[in-house]
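To begin, one chain is listed below as structure tokens, in the form predicted on its own.
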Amino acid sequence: MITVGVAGAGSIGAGLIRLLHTSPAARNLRLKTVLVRDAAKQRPELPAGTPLTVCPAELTDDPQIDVVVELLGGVDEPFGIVSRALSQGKAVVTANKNLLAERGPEIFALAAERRLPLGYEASVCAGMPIIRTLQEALRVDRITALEGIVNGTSNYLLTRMSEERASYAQCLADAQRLGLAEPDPAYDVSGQDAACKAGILATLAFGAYVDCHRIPTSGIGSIALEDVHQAEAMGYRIKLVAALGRPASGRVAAEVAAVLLPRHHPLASIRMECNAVRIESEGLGETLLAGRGAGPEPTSVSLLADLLDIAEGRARIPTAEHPFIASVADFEDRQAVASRYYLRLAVADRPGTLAQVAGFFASQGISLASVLQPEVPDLAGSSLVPLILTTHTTDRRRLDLVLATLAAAGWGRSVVLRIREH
């Protein structure tokens, strides 16, 4: 019998606690204590008699507890609990992506020093077993690239905009009402959540710690219904993609951004809040995982699986060669990567504007593939109108010089999306 302590009784913590009480697979797991911030709060979602405490030491220092499950969220408080639990000889399971992305090297080093298992399958893509795939199924293969839709909120918004022709604002309001988006959705729609998960996946895929704060990141907040329409008219769908690669240089090429994917691309058909990750490796070629990437139920399933691995002696114990410990990854310069681009510009509404814009691009050696100036209704005296362009292959550094020229001329903000050809 393995005795478990759980830190956190929010939606995910409550889901795991219910599973510990109801799943036949959990018959050899005993829940002893649940750490909460307010023990007086009514918690009808928890089974009657669930033992609560507000004292972290009742988890981390209790000699009867074998495993601590950390589900608090954030970084500093969870780090204190996880590091204390490990130092007291307890195994740890966590779903906290932020904790691993920012303090992973310290946590894994402590787990390796104490020779204790650390389960974290639920930290990325919830119930979809991407971490097991990278650590076990592909452990003898060399992974060369990985790309994924790893944020369900953003994918829900883009799917609704595409399929229902609903505005970004309306889709976001619906997502918040359904609990798919937080009251402050910035962490999801800015791409930060995806970048955090991308750092964990890149670390495991490429064998060295990838600092998520160094990954170039942009979100979907500037994308309008017009962009979705135009992309689809050209045979693409817009998706927020975490793209990771290992070029011949050995450095990590990483980016989180909204991109135009061809309709036939495996990730283009991923709908609503689902996640998917596509892996390229030398031995197996292409591997695709897709499934429910968020929510209490799939997350709880992954947490319980990690607990069972520990209880049954199958859990992996980090060593000094673990990717979070072994070394720190160097980054490739993404600005030099050649690509095509889609742009929606706000330009001056006057004769000669098209020629002027084309001249700006020509001055940087960028060839335009298409130009569209949509008809617009009366803009109540606005001096700026939309202009939609696609480029032939160029690098982002040249494109940024054009955008800087436009900004210096006093023209409006731009939407810039990479176009994937395959």
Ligand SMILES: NC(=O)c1ccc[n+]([C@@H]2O[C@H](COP(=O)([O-])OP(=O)(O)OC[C@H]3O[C@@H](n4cnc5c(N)ncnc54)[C@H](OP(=O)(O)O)[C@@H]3O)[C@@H](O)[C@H]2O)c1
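Residue indices: 1-based, along the sequence shown. The structure presented is a predicted model; accordingly, all values stated were derived computationally and were not measured.
As for the form predicted in complex with this ligand, it is not shown, yet the points below apply to it.
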{"query": "Any non-hydrogen atom of residue 375 within 4.5 angstroms of this ligand in the predicted bound form", "finding": "no"}
{"query": "Contact test in the predicted bound form: residue 27 vs this ligand, heavy atoms, 4.5 Å", "finding": "no"}
{"query": "Close approach of residue 73 to this ligand in the predicted bound form, 4.5 Å, heavy atom", "finding": "yes"}
{"query": "This ligand contact in the predicted bound form: residue 10, any heavy atom under 4.5 Å", "finding": "yes"}
{"query": "Stretch from 316-324, 90-98, 105-113, 221-229 whose residues place a heavy atom within 4.5 Å of this ligand in the predicted bound form", "finding": "90-98"}
{"query": "Answer option from 215, 200, 146, 294, heavy atom within 4.5 Å of this ligand in the predicted bound form", "finding": "294"}
{"query": "Position in contact with this ligand when the complex is considered in the predicted bound form, options 77, 333, 349, 136, heavy atoms within 4.5 Å", "finding": "77"}
{"query": "In the predicted bound form, residues of 9-44 near this ligand [heavy atom within 4.5 Å]", "finding": "9, 10, 11, 12, 13, 35, 36, 37, 38, 41, 43"}
